[in-house]
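Each of the two blocks below gives one form of the same protein chain as structure tokens; they are labelled structure 1 and structure 2.
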Structure 1
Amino acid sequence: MALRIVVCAKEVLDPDAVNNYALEGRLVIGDDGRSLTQSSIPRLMNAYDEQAIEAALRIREAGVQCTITVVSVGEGQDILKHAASLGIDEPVAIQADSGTLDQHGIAKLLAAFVTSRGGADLVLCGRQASDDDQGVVPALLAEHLGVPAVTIARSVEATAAGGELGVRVVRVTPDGDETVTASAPVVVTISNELGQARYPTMAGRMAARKKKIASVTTAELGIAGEELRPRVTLAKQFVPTVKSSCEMIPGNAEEAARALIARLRAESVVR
């Protein structure tokens, strides 16, 4: 029996570009008080979601027969092409305006998609998205599917004890690593401790050109518009003022070092 893996992916603004704009004082919120005016900031796949794909590919490379589907809500065709170039089996786009949906709506659509495919043994998500850093969609998704959720994984291994599919997950916790097991189906969130996600090969890029991105509508998933009404709405966002101060210590290297040590001792930083 092949392990059915679904990876959930999200398109986000490049966080490095956003940070650079903010540090340079060029990040501007529009008149609506909620959206950015910069149109030149590139969009890409959320890095944690890339690592979720990497986790799925490592399971396959460990010799486990599996199918890997990557699904995204919205118009993020480029990230699905990227996923296809990495060697996944099926990229799927759920046609909905992700900008009008909250976390509950996203989770409901993802759960409906998984259910429409007859379920999944393993659903992999990034631990959070780099744009809002909330990380609540995986938990909501698990709730809708009625399955357990295992969070902040640094590694995921497929198991088949007694013919029952499951996973062994090493979790990252403040007190050290924690190993847990769970029977399938299960939702697992992947953290950056998994390691660097792979880059697509040229052969992978060429193969991705021939791979069609499947498209699914909310109507096909049986989700009415009223069911997607946001419970949480963004009222306002703003760019915080970045304050920095730097004091230069005069003198040559030896004089500056002595002055620095004296200052640190005076402020009880060192003794």
Structure 2
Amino acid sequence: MALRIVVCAKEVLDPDAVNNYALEGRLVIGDDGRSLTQSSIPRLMNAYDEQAIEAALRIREAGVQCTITVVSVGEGQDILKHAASLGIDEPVAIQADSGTLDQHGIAKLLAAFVTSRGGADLVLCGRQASDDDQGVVPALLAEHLGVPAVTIARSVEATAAGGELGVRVVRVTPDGDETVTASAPVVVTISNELGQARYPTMAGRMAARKKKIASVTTAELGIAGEELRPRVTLAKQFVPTVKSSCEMIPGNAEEAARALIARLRAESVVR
């Protein structure tokens, strides 16, 4: 039987573009006091989620028979097209206004989707989204599904020891790499150490054009509005100001280096 893989993906503002605005001191919050206004910032798939798709594709390439579904809550049709062009089997959009949902609501919808499909053996998520950096949806999802979560993976291998489906994951921990195993079903989150995600091929792009993005509503998932009521609401967003107080050390390399070390010694920062 094929391994059922579901990958969860989110659309975000391009973090590099946001960074560039921030570095130039031109990042502005809109009149609503909550969102970034620059309309020129492109929207794309959260890079860690792209790597989660990459992890799924690598499992397939390792010879494991599997189905790969990519699901996104909200309006991100473009990221699902992108997913389709990478050769996944089924892109699915859950119709909901992601702006009014909190992490609990998102996790609930994703769990209901997985359940509506009769379950999944492996759910892959990016370690966190590069916009809110929260990284809690995978853990919430695991709890809603009643399955374990293995976080911050650099590699994921599907195993079938004695006919029991499972995973073997190398995690990147502060103490070094850690290899763990868990039985399916399981949620695994992918970190950047997995490596570069692939680009779509021309043939992939062509095929994606014909692929229909499936769409499900919250009602079809049996989730009532009240269950999606957010516990955590975004009250406001702001750009932090950094109080600059940098003292520039003048001179050529030798002079500046000697002057700096003298200052640091005077302040007992170095011996």
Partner chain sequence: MSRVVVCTWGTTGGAEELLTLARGTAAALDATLGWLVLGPAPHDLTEIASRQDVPIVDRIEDEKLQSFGGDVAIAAVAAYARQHDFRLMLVPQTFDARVLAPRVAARIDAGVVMNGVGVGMEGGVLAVTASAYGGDTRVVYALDAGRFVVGIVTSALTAAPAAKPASAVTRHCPVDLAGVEERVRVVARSEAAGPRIEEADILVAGGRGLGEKANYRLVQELAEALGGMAAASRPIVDEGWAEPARQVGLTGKITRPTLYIAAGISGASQHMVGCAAAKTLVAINRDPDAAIFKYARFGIVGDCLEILPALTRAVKG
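Residue numbering: structure 1 sequence, from 1. Just so we're on the same page, rigid core means the largest C-alpha set that superposes within 1.5 Å between forms. As the structure is a prediction and not an experimental result, all values here were calculated from the model.
When you get a sec, tell me if the form predicted alone is 1 or 2. It is the first structure that is the form predicted alone.
Quick check: Ala259 between structure 1 and structure 2 - does its CA shift reach 2 Å or more after fitting the rigid core? Yes, shifts by 2 Å or more.
Once the two forms are fitted on their rigid core, how many angstrom does the CA of Pro250 move between structure 1 and structure 2? Here the C-alpha difference is 5.0 Å.
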